[in-house]
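The chain that follows stands alone, in the form predicted on its own, written as structure tokens.
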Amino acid sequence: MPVSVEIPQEKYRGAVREVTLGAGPDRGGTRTRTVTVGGERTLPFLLFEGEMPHRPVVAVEIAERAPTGWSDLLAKAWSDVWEDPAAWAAKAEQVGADLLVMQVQDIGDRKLTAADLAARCKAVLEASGLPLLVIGPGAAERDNELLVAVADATAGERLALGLCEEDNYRTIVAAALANNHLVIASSPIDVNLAKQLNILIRDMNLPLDRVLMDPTTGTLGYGLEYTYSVMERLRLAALQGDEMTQQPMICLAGYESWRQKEARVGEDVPAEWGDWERRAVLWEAVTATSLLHSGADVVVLRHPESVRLVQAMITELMGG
């Protein structure tokens, strides 16, 4: 005798806030493609319980010039274009990027002027129709100097500027407000710190539909499980109606993965670690897919093969 089984389903009263990156000509920008993330009313990929109106997206990290300290495997993939950020952006779009992230290196005596960086960002926008995110070098004074110049030079494009932290958010948020951009709020792995920074940014009158949230992440083997737990708590709080946790989350999975020896090193390692390139790509891809399952809406990657693998996984989990 057939027996019917009712599968229990969880219903939530809250939703993740929708955020649109990039602006086309109808909104004052030049993008040929805009990207909207967020809007979920369920935990990641549980489509039988609620809506995920926008698929998670993959961003490719580029730099304002040839980076230092990147793995030889990444050099093999990008060194033919990485002296020219515009050419790098165009190639990143070809390998499947939904978004571009320019991570400013700003190392030693290789520092660009703010005007030079702004010019390189404009060149990237001319070379690719994708939305652009620009992340400063991570020193508050220098972030402010560089990101204000970029914001002014690209007014109306709805770039995402970051990383906004407790020490520098005021200047970056003001620049975003004045030029119709977004910001990336970044806080150490902690639910309450993430909420507090979102409150501070909202209090400067930047609409929360112009804020992405970077909860700070670890990588496979280096704190990923703790990251997963914090992101899952943020997402559950958002779905339960906490407005200060309802920002889409962005994770710098490539940066975290490629600075670990399992991805970075190809010699003098145990034979059991296997082929270097396969190991490195999987380290990045597994980190990214884990973060997507914990609630990430945007993952930032470095290797083209990781982009392909993660895009395929997203497509499969979203039902094709």
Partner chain sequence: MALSGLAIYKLLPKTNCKECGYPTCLAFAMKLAAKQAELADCPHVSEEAKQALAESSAPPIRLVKIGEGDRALEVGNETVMFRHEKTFVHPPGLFVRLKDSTSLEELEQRARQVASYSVERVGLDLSLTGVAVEATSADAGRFAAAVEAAHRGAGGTPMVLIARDAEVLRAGAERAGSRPLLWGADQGNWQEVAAVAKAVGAPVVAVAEGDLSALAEVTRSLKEAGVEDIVLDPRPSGPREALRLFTGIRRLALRQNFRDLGYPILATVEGEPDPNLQAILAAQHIAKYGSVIILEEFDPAVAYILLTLRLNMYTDPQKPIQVSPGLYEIGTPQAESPLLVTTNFSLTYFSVSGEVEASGEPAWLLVADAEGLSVLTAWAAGKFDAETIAKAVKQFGAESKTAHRKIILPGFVASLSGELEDELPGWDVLVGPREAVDIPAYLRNWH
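Numbering follows the first chain given and starts at 1. Given the structure is predicted, the values throughout are model-derived calculations rather than measurements.
Below, we turn to the form predicted in complex with the partner chain, even though it does not appear here.
Using a 4.5 Å cut-off to the partner chain in the model of the complex, each of 8, 262 and 272 places a heavy atom inside that distance.
For residue 229, a non-hydrogen atom is located within 4.5 Å of the partner chain in the model of the complex, even though that partner is not displayed. Contact annotation: residue 285 falls within 4.5 Å of the partner chain in the model of the complex, judged by heavy atom distances. In the model of the complex, the partner chain sits within 4.5 Å of a heavy atom of residue 279. Mapping the unseen interface onto this chain, residue 23 falls outside it, with no heavy atom inside 4.5 Å of the partner chain in the model of the complex. The stretch from 220-228, 113-121, 128-136, 243-251 that comes within 4.5 Å of the partner chain in the model of the complex, counting heavy atoms only, is 220-228. Shown without its partner, this chain lists 91, 195, 210, 233 as candidates; in the model of the complex, only 233 has a non-hydrogen atom within 4.5 angstroms of the partner chain. Along 24-54, a non-hydrogen atom within 4.5 Å of the partner chain in the model of the complex is carried by 43, 44, 45, 46, 47, 48, 49, in order along the sequence.
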